[in-house]
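Taking the form predicted on its own, here's one chain by itself in structure tokens.
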Amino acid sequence: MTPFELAEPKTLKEAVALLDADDPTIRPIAGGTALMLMMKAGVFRPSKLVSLSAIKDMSSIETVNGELKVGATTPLAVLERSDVVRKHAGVIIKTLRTLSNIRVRNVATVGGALAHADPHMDLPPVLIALGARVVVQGKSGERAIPVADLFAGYFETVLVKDELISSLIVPAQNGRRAAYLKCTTRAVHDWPALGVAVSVAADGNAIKDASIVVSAATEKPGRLVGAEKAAQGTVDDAGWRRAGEAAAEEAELITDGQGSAAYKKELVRVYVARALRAALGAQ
């Protein structure tokens, strides 16, 4: 790695002040699980890293006005073990248990995982399905961005270079049921070929409203509005399969090392139906 300067601000305001929207070689670092690999490979050669580890008020987990608030520097392993998160949105806990490995989860942070914008990551589709948003702090002030609008493309977000994610907000779920499924070989690289997250409001097995999100097989995670409409009113396997068919036709899929677009289309068809079934608790 090339030499670089390391800054360790004590507050969020100080950290933002150290960033430069016109200088892409200045980069914030939290857990660094992805950034350090990029630096070792020579993909990124920073002139300065702004460490967020000393900012104490960015690593809490609490409920505020019925919403779950998670500080951006909270390690994923802490999120995974949180009783507050389990009560608010248990699907997050279940998802984290198969996200990479415990060594990575001990270090990687919530904000870093979102800002990295890797389309193969498990949390973004889940958070989109739950209607979550991030609070972002920049030199021009604070703004809130729905996680659904955070990703601009493959490894790209809408964040400006001098903005930082300060917290994640997950609204009250009000009885909605959610599930996340992914198709992966569980090989060493562990990149899924497809991730599907769903959240439903239902009367028994009759779906009144659905949020269906796909990731990994696409350039960025995103909702499938047509499939969501097809899922409304479904009560059985035939209805879930119809939603899966609609999702397969709607999703804009890519070919990569995890499989062809045609292969992933078949995965979407099957996994959307399975995820709806799982969310409703059907066997």
Partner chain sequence: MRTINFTLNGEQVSAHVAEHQSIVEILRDRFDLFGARESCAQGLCGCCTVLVDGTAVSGCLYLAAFANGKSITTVEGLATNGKLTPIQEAFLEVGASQCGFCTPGFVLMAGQLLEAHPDPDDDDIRHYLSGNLCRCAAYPEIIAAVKLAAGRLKAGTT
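Numbering follows the first chain given and starts at 1. It should be emphasised that the depicted structure is a prediction, and the values quoted were computed from it without experimental measurement.
Another form, the form predicted in complex with its partner chain, is not on view; read the next lines as being about it.
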query: Output flag, M1, I29 and I102 jointly within 4.5 Å of its partner chain in the predicted bound form, heavy atom basis; finding: yes
query: In the predicted bound form, K208 touching its partner chain (heavy atom, 4.5 Å); finding: no
query: Its partner chain contact in the predicted bound form: T234, any heavy atom under 4.5 Å; finding: no
query: Contact of R97 with its partner chain in the predicted bound form (heavy atom, 4.5 Å); finding: yes
query: 4.5 angstroms heavy atom contact with its partner chain in the predicted bound form for Q173; finding: no
query: V225, A238, V64, L37 - the one with a heavy atom within 4.5 Å of its partner chain in the predicted bound form; finding: L37
query: Option touching its partner chain, based on a heavy atom within 4.5 Å in the predicted bound form, out of A201, V107, I145, V158; finding: V107
query: Among 246-254, 215-223, 37-45, 66-74, the region lying within 4.5 Å of its partner chain in the predicted bound form by heavy atom distance; finding: 37-45
